[in-house]
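The chain below stands alone, shown as structure tokens; this is the form predicted on its own.
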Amino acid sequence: MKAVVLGTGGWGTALALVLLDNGHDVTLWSRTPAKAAELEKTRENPLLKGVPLPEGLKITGDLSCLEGAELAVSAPPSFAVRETGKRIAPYLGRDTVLVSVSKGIERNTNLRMSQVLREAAGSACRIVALSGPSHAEEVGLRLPTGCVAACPEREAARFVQEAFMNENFRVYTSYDIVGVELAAALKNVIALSCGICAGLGFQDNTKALLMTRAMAEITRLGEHMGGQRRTFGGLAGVGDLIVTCTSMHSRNNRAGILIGQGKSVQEAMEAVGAVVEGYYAAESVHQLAGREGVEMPICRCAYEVLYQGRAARDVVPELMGRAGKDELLGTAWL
């Protein structure tokens, strides 16, 4: 099968390797021709250090590589998804399955990534979201990983499952693209928050409290928007939350630690040296929750710290001092 991965970040590159391992004809496309030439020359992506790019992997900056592709993987940062969708639209046919692997909610429109692609790329192709607890670094090393391919059209989800699944990369299917994409975006905000807690000197008890109560918030918004409760207890939900909040592979977690230690938001993101999706998602989630009237105190506090200059330590008494509640009645994902 001819497959094209759009985006040379760590995640896009790792997924290109999965497809190549499965015997597909794979091309990795970069929006910057100079970067494509550099990858072609060095055969290593700096974002996946120590993972060689096999000679069988084609690398290009020319979008004509999409012609005749049965599978296209959209893997740019969330803020670049709309631009990428517009650029690839002329090359997509009705037989192309477009896989969205970017995690975020578009600023101002509050659209999920598959919705952005639908608007930008048109209605010709089928769109599937692929998400789950999957650090690119570990996928590149062929360590066991599990994800979810989500699409209301079950045949399309199964097509993606079969394209990616192998002995190292297990893929489940789901019809709940709404829940899968919202979980993917919101967990980045929580990972940033967990990092901030660690930077402030808080330890395991705090992290467990934050992750669990944040999952209640995520599920509350997800169900309100049409997602299924079970999704948030699965790989795309609690699974992705765990891996993003607990690992130093997570750029969101690392940025949060630096903010908690006293660096400014901008200094922290520059120190991480790559896109920190949770920063962008925090604003979008705040807008979305406000628009829909869904209470999300943890996400609101994260927004205030990241965008309004509120001191991280000052939000802790507010969250801890909230009125007592019944856990079962107030925890939507259980």
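In this text, all values refer to a predicted model and were calculated from it rather than measured experimentally. One-based numbering along the sequence shown.
Not pictured, yet referred to below: the form predicted in complex with a small molecule.
When contacts are defined as a non-hydrogen atom within 4.5 Å, none of Arg112, Gly237 and Ser284 contacts the small molecule in the model of the complex. Among the residues Ile242, Leu210, Ala80, Leu200, the one placing a heavy atom within 4.5 Å of the small molecule in the model of the complex is Ala80.
Note on the partner interface in the model of the complex: the residue among Arg118, Arg142, Arg220, His135 having a heavy atom within 4.5 angstroms of the small molecule is His135. The stretch that touches the small molecule in the model of the complex, counting heavy atoms within 4.5 Å, is 31-39, out of 54-62, 286-294, 264-272, 31-39. Put simply, Thr84 is close to the small molecule in the model of the complex: some heavy atom of it is within 4.5 Å. Among heavy atoms of Pro76, some come within 4.5 Å of the small molecule in the model of the complex.
Not displayed here, the small molecule is approached by Leu47 to within 4.5 Å at the level of heavy atoms in the model of the complex. The small molecule is not shown here, and in the model of the complex it never comes within 4.5 Å of any heavy atom of Ile259.
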